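Below you will find one chain, with nothing else, as structure tokens; this is the form predicted on its own, and questions on how it binds or moves follow later.
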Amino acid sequence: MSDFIQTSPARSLQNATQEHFIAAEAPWSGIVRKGQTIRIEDSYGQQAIDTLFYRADDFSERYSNQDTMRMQGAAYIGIDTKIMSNEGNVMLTMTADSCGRHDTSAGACSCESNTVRFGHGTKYLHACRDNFVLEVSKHGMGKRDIVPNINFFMNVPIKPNGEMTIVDGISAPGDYVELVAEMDVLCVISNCPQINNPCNGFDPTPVRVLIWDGED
């Protein structure tokens, strides 16, 4: 586990309202209230963290990668990115980022995509889509509610011709992103279990989530 890196005098390990350790390959979900800051930390480095957001009081409003990319005019998530919903509302704003590379185009791994890309021998390996299905089912949702997601810390270079591929991650142990919630949201995470491409350095590791109340 890496040391905590403080980004504001108002936020420390001691005054975090929530601290969650997500085991390698495991899912997690939790509510982030308007004004709260959520930190998603790549504790050991080179770990893709697949993430979805839903409006807490109406899950039919959820993260939209198309609207997020269109709103900011860029293909990647970074500081000041407005995380947009399918209703055109701002769900969260990214306020801190120590890594600088977060994908929202490559989607989540699944047993089906693993089979197509890596062979039938991978069919029964655990995948992010399984994690998402398991976690959203706790909130009354199902497969149809899983939409294109954010892949924090996943390195997916996009060529001028639109071709893209997943390559070695560049995140170091302790790298983090912080986002301020602009509405009450349900955050759903799959700590990516992929071992067939380099998104996790072929060795999935635990991550940490911290949540603080607003500074006002």
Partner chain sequence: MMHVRRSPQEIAANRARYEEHQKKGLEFAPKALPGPSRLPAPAIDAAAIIHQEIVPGGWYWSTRLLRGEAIRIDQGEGNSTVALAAWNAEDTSERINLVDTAKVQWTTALGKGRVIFSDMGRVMFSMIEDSSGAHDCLMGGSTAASNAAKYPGEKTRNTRDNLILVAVKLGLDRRDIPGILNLFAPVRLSEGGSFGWLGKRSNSGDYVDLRAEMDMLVGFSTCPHPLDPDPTYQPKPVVITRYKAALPLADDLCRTATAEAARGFENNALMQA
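Everything quoted here is computed from the prediction, not taken from an experiment. Positions refer to the first chain, counted from 1.
Below, we refer to the form predicted in complex with its partner chain, which is not included among the displayed structures.
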| request: Classify Asp145 as contacting or not contacting its partner chain in the predicted complex by the rule of any non-hydrogen atom within 4.5 angstroms, answering yes or no. | output: yes
| query | With the partner left out of view, is Ser105 within 4.5 angstroms of its partner chain in the predicted complex by any non-hydrogen atom? | reply | yes
| task | Check whether Ala26 has any heavy atom within 4.5 Å of a heavy atom of its partner chain in the predicted complex, and answer yes or no. | result | no
| task | Please run the contact check for Asp57 against its partner chain in the predicted complex: heavy atoms, 4.5 angstroms, yes or no? | result | no
| said: Where, within 65-102, is there a heavy atom within 4.5 Å of its partner chain in the predicted complex? Residue list please. | reply: Asn65, Gln66, Asp67, Met69, Arg70, Gly73, Ala74, Ala75, Tyr76, Asn86, Glu87
